[in-house]
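Shown next as structure tokens: one chain only, the form predicted on its own.
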């Protein structure tokens, strides 16, 4: 079991963005996440790896309270972003999700124009006073999503008309349009071909200058390429967490080693 206090000396001392203590998640009577304690760094990419059904996506969805939308789901424990309890009754989940953007497994552009896909969040959160400001947010977000040059001449064409890789970069641009501080990605490349995957991975590397990125991935190669920290989940437990290079070359727990070498998974 990963113990924050014990491991603190092994992990580089950097600013913590997200802090979780004794997090439990239940789906009805099923105990899906057990005693998770972790500090996630600011302006770094943290990868969650582990076999299917191990709890990594469930824990990811705790960070922006997406599990609130599931009737039978119950979350216990503390999760703080910048020291603020995100499960405090005074916290509006809608406002929280503007601060904590999310990109899903399958690209899911809205059935709207490319422009309106990006403009939607800033509009509902009142981030632009006028059309000129909205235009600026749209362009900046599309540039951050590394797709501006491909779409700048067809902003009013439907987002659904783009290729899969372009749609996923559009969804990343849409997620950053509300100026979030944290970006959650749930297997963002699993539906993409190798070329589109490489483009999205390059983009993730660039985004960590401005955001704290947490990515769930089934691909250990991807975790090794894009992340600075890695957390290994197994059967609802956070087994091990540390620098990515250490997790992959010198894991402390034999379950981590078994997963990385392909003996479990």
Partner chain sequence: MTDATQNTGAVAPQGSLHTLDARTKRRNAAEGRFKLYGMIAIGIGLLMLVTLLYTILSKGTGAFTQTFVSMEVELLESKLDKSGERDLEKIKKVTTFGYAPLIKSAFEKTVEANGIETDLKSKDMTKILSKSAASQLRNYVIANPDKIGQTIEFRFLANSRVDGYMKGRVTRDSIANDKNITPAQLDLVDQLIEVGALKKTFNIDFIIGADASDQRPEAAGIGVAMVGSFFMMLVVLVLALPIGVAASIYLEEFAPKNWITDIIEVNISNLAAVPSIVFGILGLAVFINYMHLPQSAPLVGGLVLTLMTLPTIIISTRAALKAVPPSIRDAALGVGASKMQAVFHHVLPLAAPGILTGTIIGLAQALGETAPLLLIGMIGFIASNMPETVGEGLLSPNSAMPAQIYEWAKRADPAFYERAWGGIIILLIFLISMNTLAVLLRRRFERRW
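Numbering follows the first chain given and starts at 1. C-alpha atoms forming the largest set that superposes within 1.5 Å between two forms make up the rigid core. This is a predicted model, so every value here is computed, not measured.
Missing here is the form predicted together with its partner chain; even so, the following discussion is about that form.
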query	finding
In the model of the complex, the one of 32, 66, 44, 196 near its partner chain [non-hydrogen atom within 4.5 angstroms]	66
Residue stretch of 144-152, 129-137, 187-195, 90-98 approaching its partner chain in the model of the complex, non-hydrogen atom distance within 4.5 Å	90-98
Within 4.5 Å of its partner chain in the model of the complex, all of 77, 218 and 233 (non-hydrogen atom)	no
Contact flag, residue 174 vs its partner chain in the model of the complex, heavy atom cut 4.5 Å	yes
Touches its partner chain in the model of the complex: residue 178 (any heavy atom, 4.5 Å)	yes
Exercise: residue 164 in contact with its partner chain in the model of the complex, heavy atom 4.5 Å	no
Residue 110: touches its partner chain in the model of the complex, heavy atom cutoff 4.5 angstroms	yes
Residues in 42-63 with any heavy atom within 4.5 Å of its partner chain in the model of the complex	61
Is_shifted residue 127 between this form and the one not shown (CA, 2 Å cut-off, rigid core)	yes
Rigid core superposed: residue 77 CA moves 2 Å or more between this form and the one not shown	no
